[in-house]
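In the form predicted alone, a lone chain appears below as structure tokens.
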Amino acid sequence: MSAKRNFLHHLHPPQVCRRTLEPTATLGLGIACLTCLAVLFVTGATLFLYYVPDPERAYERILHITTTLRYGDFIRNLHFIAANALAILIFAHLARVFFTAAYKERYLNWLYGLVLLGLVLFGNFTGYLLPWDQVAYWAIKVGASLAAYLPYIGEGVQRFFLGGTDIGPETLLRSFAFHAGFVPLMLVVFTSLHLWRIRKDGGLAAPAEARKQRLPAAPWLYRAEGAVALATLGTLIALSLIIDAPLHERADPVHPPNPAKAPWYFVGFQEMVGYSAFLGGVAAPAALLAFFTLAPLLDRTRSEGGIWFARDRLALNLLFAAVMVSQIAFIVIGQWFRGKNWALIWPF
């Protein structure tokens, strides 16, 4: 108990701003992300014991986990729900930080957050292939083909990820190595750096006037974080009991589905590429990367960090909202309004 208390004391500042404890200040998104990450590590370590990254055995091992292993179906569902929830929550967390300008004087931590966002998406992408079923196989094939649009390095990146020119045993082995080895290690490293910078900066961003009203971190901050973590965990468990992780028929490299779609978090890029290979595959991703990376440096407004929708940031907030809404729209169109031969359909 003493070691646990000391760990928490080192992780948090001795005192915190009263305002940051209000639910509307952060919406608890950071703790919700950490909870999903913890669930992924625990469930992933369990699945790791039973999975075999071999095209001849991977599908059967997933069937074994879901049908024979005690609680295996629930554990796989929980892993699937937590992974998708984390992909959504980390974008919501990014939006919260932007709309409150919490990156002001904290640019390095903003960059750590962007690295974590990339790692979460890459972790989801590499885990998508592991069931080796028909939808996953062709989704990864489409997703990997999108990488080829990167100028100069695209084909090299695609070949490195696939372990050749097409999906095969080497692709599955590399996906497993990235998913179960590299990505978790990097997530631990950059999450630690992210939390350390928050601790180093004296806690979450807040206006100077609000920072004068402070409370001891123990027990107030611990209780707030514990409540969010329990609520997140309860939601994940409830969803895992009613939503099954998908497992389609075994992968068939000869007969592609029509249409073959990338995983949902990349289907927006697939939709943009459908309009223009250059604009959707090169220009738009490069512009998005530049915008997210440089926005804090270009923000010359005088309002303090930690304030929702400050008036002098109206233009920046509108631009950010337009970017986010457009990407959500592309995902919705690509995911639900595209049918055979990528033709527009009405899904209802």
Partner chain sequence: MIAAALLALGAAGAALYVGWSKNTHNHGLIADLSYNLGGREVREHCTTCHVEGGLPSPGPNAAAEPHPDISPHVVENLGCTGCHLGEGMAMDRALSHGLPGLGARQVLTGRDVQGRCYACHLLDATPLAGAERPWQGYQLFREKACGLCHHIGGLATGGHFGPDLSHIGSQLGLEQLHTAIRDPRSDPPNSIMPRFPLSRSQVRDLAWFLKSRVADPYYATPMQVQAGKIRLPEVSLVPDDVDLLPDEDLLYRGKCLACHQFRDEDGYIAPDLTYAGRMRSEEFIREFLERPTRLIPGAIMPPSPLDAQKRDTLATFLAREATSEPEHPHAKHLYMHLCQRCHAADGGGHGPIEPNLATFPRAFSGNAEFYRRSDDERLVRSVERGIAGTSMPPYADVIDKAAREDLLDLIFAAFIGIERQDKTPLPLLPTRPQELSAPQQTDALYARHCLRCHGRTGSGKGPEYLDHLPRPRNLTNRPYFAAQSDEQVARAIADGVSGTAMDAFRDRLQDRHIWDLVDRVRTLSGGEP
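Quick caveat: nothing in here was measured; it's all calculated off a predicted structure. Positions refer to the first chain, counted from 1.
The protein also exists as the form predicted in complex with its partner chain; that form is not presented, and the subsequent description refers to it.
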Interface segment, criterion being heavy atoms within 4.5 Å of its partner chain in the predicted bound form, picked from 101-109, 221-229, 161-169, 199-207:
221-229
With its partner chain left out of view, which of Phe74, Phe122, Phe182, Trp264 would have a heavy atom within 4.5 Å of it in the predicted bound form?
Phe74
With its partner chain left out of view, choose which of Ala85, Leu116, Leu247, Leu146 has a non-hydrogen atom within 4.5 angstroms of it in the predicted bound form.
Leu247
Using the partner position in the predicted bound form, report whether Ile153 sits within 4.5 Å of its partner chain, counting heavy atoms only.
no
Do Leu63 and its partner chain share at least one heavy atom pair within 4.5 Å in the predicted bound form?
yes
Is the gap between His255 and its partner chain in the predicted bound form 4.5 Å or less for some heavy atom pair?
yes
Quick one: does Thr235 come within 4.5 Å of its partner chain in the predicted bound form, counting heavy atoms only?
yes
For this chain shown on its own, do Thr35, Arg96 and Phe320 all sit within 4.5 Å of its partner chain in the predicted bound form, going by heavy atoms?
no
